[in-house]
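A lone chain, given as structure tokens: the form predicted on its own.
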């Protein structure tokens, strides 16, 4: 396993370490549920330096990203961020990314750590017809996420431009503790907060300040997973996969089939024709939120069964109930905030309506579940 730059700090502070995205990562420092509540009620800091960071630079940077990504970047202003899918030519999702616009010729991109090398190779291949370069900044920076309802108040005295002054999905170049930082009002918990990129040499001092005088509790990936699941935020490799298209994976809102500005090379974005065909024939599956109505905890990979718990035609080992295949849980947990057993699942389109009664197979038995509205948890202050 690869190590993060602050690996020794995490070990010295009793972090429970495990592999994630090829890195030894802190899963938790105390107890995952306590860390989850800390972020929901107060604030915490995550070391997410495993994420990939790219710089896209050149005269055709905007045209290139319009070609490579599904979302429309034409309306972005300087200092604005935008979420998008990045697809194969057949429409399968290669990754989900956030793009940050410095200007028409310069963008930053944050990608998933597990897909960084694949993404870099893919983007450089696509970039060949364009006057643009794609530089991997990942080894030069650390990335920290400051999340929770008290985060902005705790950060304000220490930043030249307080992160709370930024609008949601906007960013700035500023200073923290006298050191240059990239700060973006983004996050993966459903709480107000920001993510900061800091140069490798400055990272230990800034991390020490965050967890010291600023008072942020270090939080591990176990809580990060339950927090994002309650907020119904997708995880690559779970809700998003190469073999699934974004229209059926909860990302239809980030696919702009009608975007036309700044497109070059083929004149369309990668995957557009395949996604147009999916839309024309109708999607076969959807990503839904489930709450269990019986006892048990759903987990990723558990079968989602058709209409009724206890249907006599249901047989162990078959992903059916009443003869109707339904789908699969992509993520699941016992929600620390709501106390309910929840899951995100990929199911057949006709079973995706809110209120639909389904079941989840848990240890060989069907447990009643219901499709509910997304998200499971929402903080109104997130976008304020």
Partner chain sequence: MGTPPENLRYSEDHEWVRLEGDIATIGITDYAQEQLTDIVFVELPDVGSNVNAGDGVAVLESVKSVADVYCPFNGEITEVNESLESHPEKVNEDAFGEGWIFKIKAREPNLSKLMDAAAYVKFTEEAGD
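Residue numbers count along the first chain shown, from 1. Just so it is clear, the structure is predicted and the values come from calculations on it, not from any experiment.
Unshown form predicted in complex with its partner chain; subsequent notes refer to it.
- Only one of 60, 356, 53, 333 lies close to its partner chain in the predicted complex, with a heavy atom inside 4.5 Å, and it is 333.
- Checked against its partner chain in the predicted complex, the candidates 281, 167, 89, 295 yield a single residue with a heavy atom inside 4.5 Å, and that residue is 295.
- Comparing 218-226, 185-193, 67-75, 118-126 against its partner chain in the predicted complex, the single stretch with non-hydrogen atoms within 4.5 angstroms of it is 218-226.
- For the three residues 33, 299 and 302, a heavy atom within 4.5 Å of its partner chain turns up in the predicted complex in every case.
- Its partner chain in the predicted complex comes within 4.5 Å of a heavy atom belonging to residue 28.
- If you take 348-363 and check each residue for a heavy atom within 4.5 Å of its partner chain in the predicted complex, you get just 363.
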